[in-house]
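A lone chain, given as structure tokens: the form predicted on its own.
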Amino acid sequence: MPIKSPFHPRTAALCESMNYKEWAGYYAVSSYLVHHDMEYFAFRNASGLLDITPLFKYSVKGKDAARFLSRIMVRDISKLKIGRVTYCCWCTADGKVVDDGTVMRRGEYDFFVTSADPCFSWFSRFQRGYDVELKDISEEVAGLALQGPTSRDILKQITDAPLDQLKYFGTTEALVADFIIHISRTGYTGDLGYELWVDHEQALKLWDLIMVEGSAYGIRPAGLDALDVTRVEAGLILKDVDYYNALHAFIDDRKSSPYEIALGWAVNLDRDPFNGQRALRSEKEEGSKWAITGLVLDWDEIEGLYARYGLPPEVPGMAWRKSIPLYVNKAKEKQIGYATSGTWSPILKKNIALATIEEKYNKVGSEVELEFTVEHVRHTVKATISKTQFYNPERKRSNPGLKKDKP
């Protein structure tokens, strides 16, 4: 049976739909109202507040903390500056992704790591020989994601932290009322937003302050259904949907390297040894078989297919997560990949998807065919390959308090 996060007394009272999912053993609201539309538009036009406590959280401290994390991550964490956050992944010895998450450097020897899957046991395997204290603090620290164009204005009402100067992927400690929180300018919506980390004991105080001050800025509590639409728009991958944890994969074909899931930019090869380095260096030289790409489906073809049956076109009511074959042409002569998740984007007015495709076919602007079922009959519709980042507003990175902002 799922357990309750520290925010559950507030989220349960507001969840009129009674629509929940299980997320890492916790109750997680799917949508507060019968449909998630209002929560989606809060993310895009005001602010949405999401309980992210189910993320696994680790404290990594000690003289060798940076060196230890650099050993297990594909990114060289020793180069991460204090007050900065990085997104990266970690791999097996054969260069296959175990999980992805964020690493925050709060001090010279103080790091905070998040992950989607429980990774304490995996991290612990490589701890020997390092002067480092690794601690699972998942049940001590609660988390909220405040995302949307008014998120900065709301936070400025409850803390005097220098938010106008806090850069994208920056982190800072802040005083809120009579307690301390940590703020990271990160999120999973592809928009301006922050993630807030607080001790369990202060969780309800933080929620109440944000909701009260946010009422003047259009804030709404938001669930996972709205988040799923925004993360596809932002081109952000999801474990067990767009890729699998290599430790849980039943067959090798389900395992992926960072290069195959659009995380090659996070790999720092030329440095001290780290997990998967040799395999990743070889793959970098030889090239990858697969790539994750974006797809924009042809609306006219979709409309035409429904018209054949005398039906109006159907727009998906929520983001979908399933494997759909991708072909080189309408004759289905060769399957070249598969779509893994997609959505109708209300803000872009496009039918979009993320797909895994053979690398040699991954050319932005080229056209492929996606299987599309209407009235129990399988057809195909044209899809144009695009960058995965469909939605990327300038405000996500901009800083009103800096004359010249660098990403």
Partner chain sequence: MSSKYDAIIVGGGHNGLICAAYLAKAGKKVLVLEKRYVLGGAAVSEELYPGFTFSVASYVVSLFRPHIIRELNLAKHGYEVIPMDCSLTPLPNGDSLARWGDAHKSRREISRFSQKDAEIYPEFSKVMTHMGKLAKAVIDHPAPDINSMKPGEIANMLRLGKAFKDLGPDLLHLNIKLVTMSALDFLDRWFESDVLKAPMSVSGIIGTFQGVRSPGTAYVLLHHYMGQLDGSFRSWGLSKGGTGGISIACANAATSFGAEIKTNAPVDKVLLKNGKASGVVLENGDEYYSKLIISNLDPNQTYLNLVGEEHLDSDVVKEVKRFKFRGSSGKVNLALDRAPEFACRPGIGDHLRGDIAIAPGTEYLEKAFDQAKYGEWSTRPYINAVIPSLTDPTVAPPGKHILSCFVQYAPYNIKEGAENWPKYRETFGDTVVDTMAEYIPGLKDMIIYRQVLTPWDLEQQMGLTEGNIFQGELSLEQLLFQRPLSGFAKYETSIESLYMCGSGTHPGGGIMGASGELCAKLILQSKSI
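Residue numbers count along the first chain shown, from 1. Note that the structure is predicted; figures quoted are calculated from it, not measured.
Keep in mind the form predicted in complex with its partner chain is missing from the figure; the text below concerns it.
Contact with its partner chain in the predicted bound form, defined as a heavy atom within 4.5 Å, is made by none of Leu55, Asp178 and Leu206. Distance criterion of 4.5 Å from any heavy atom to its partner chain in the predicted bound form singles out Asp136 from the list Asp76, Asp136, Glu283, Asp298.
Note on the partner interface in the predicted bound form: the residue among Gln165, Gln335, Gln157, Ser121 having a heavy atom within 4.5 angstroms of its partner chain is Ser121. Partner contacts here mean any heavy atom within 4.5 Å of its partner chain in the predicted bound form, and among 377 to 385, 23 to 31, 335 to 343, 355 to 363 they occur only in 23 to 31. Contact between Lys330 and its partner chain in the predicted bound form is not found at the 4.5 Å heavy atom cutoff. Within 4.5 Å of any heavy atom of its partner chain in the predicted bound form lies no heavy atom of Val85. Looking at Leu247, you'd find a heavy atom of it within 4.5 angstroms of its partner chain in the predicted bound form. Proximity of Arg308 to its partner chain in the predicted bound form falls outside the 4.5 Å heavy atom cutoff.
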